[in-house]
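So this first bit is one chain, no partners, the form predicted on its own, shown in structure tokens.
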């Protein structure tokens, strides 16, 4: 006679391996469900709202609150943006800025990573801790510090240039009194300072990532190359770089994504949205949406264009990660 306690055991015994496998395969998705819900609420829903707003002409807060109708313009906002010559200027600024920052960040981060790999354990820990302070500093806080450094009256850079001998300062720069000099007034100088701020904040991540990759390179390869008389430059390009090519590829893609959407540093250094010649896509979208008179639909369309560009770059990143997993 079968007891009640034997029924579940008998049912479990009759369960087929395929059914048990399907039940186990669903477990990871169930575990990911809470995170997916949070991502959907915090990211996908606002993104959907921005995409929807880009198809309407929205010029007042009352429209956003639902007190007034949303006039449908279809692709009109996109047509206005793409036909505006200023958009090409903004896109050029964004691409050139991102390219320069990615290049400088990769070079400086790689050099620091190579240095950390050559140092002893205690010194490497000390230097890495100091370097990571820049990465740990919030973008807003770090940018405010840099703006103080370049202050036109009491900044450190102004003080250093005033400390130069008059003959040397006049011979090199054509002036001896730097008090009141607007370091952020020239677009070229502004982008140079902005690049300095962004590279300072970004290179520690590259350095630590390169260091982690260097730890995976067998030391026997470097030792054999040195025995054969290879120079450090040749060792890097013939051994280190080929082995770390997947790491460098991923870091370049990530840096491109981050540099394309720089906003905080530019907004703080420029003191708002008045300096239009230095606009890039992120601050261009903000200025069109919130500067009077507000054009929320136009700003949303610019944000969608920036998102599409970043999605293309992200596609390359995902493809690179999958290829790296297949090779491993």
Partner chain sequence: MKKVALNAAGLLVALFAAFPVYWMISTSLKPSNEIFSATPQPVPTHPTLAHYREILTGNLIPGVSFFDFFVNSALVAISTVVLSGLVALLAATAVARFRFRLRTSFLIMLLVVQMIPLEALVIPLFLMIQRLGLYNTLPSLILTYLGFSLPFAVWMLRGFVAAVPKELEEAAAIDGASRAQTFRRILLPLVAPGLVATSIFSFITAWNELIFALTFINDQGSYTLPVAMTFFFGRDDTNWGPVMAASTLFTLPVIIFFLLVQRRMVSGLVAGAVKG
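Numbering follows the first chain given and starts at 1. All values derive from a computational prediction rather than experimental measurement. C-alpha atoms forming the largest set that superposes within 1.5 Å between two forms make up the rigid core.
FYI, the form predicted together with its partner chain isn't displayed, but the following is about it.
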Answer with one of 86, 237, 148, 173: the residue that has a non-hydrogen atom within 4.5 Å of its partner chain in the predicted complex.
148
Using heavy atoms and a 4.5 Å limit, would one call residue 245 a contact residue for its partner chain in the predicted complex?
no
Whether residue 286 contacts its partner chain in the predicted complex should be assessed with a 4.5 Å heavy atom distance threshold; does it?
yes
Is there a heavy atom of residue 97 no more than 4.5 Å from a heavy atom of its partner chain in the predicted complex?
no
Is residue 291 near its partner chain? Define near as a heavy atom within 4.5 Å, in the predicted complex.
no
One stretch from 87-95, 185-193, 254-262, 72-80 that, in the predicted complex, holds residues within 4.5 Å of its partner chain by heavy atom
254-262
Counting only non-hydrogen atoms and a 4.5 Å threshold, tell me whether 39, 131 and 202 all contact its partner chain in the predicted complex.
yes
Mind listing which residues of 96-132 have a heavy atom within 4.5 Å of its partner chain in the predicted complex?
108, 112, 115, 118, 119, 123, 126, 127, 130, 131, 132
Residue 64 C-alpha moves between this form and the one not shown by 2 Å or more, core aligned:
no
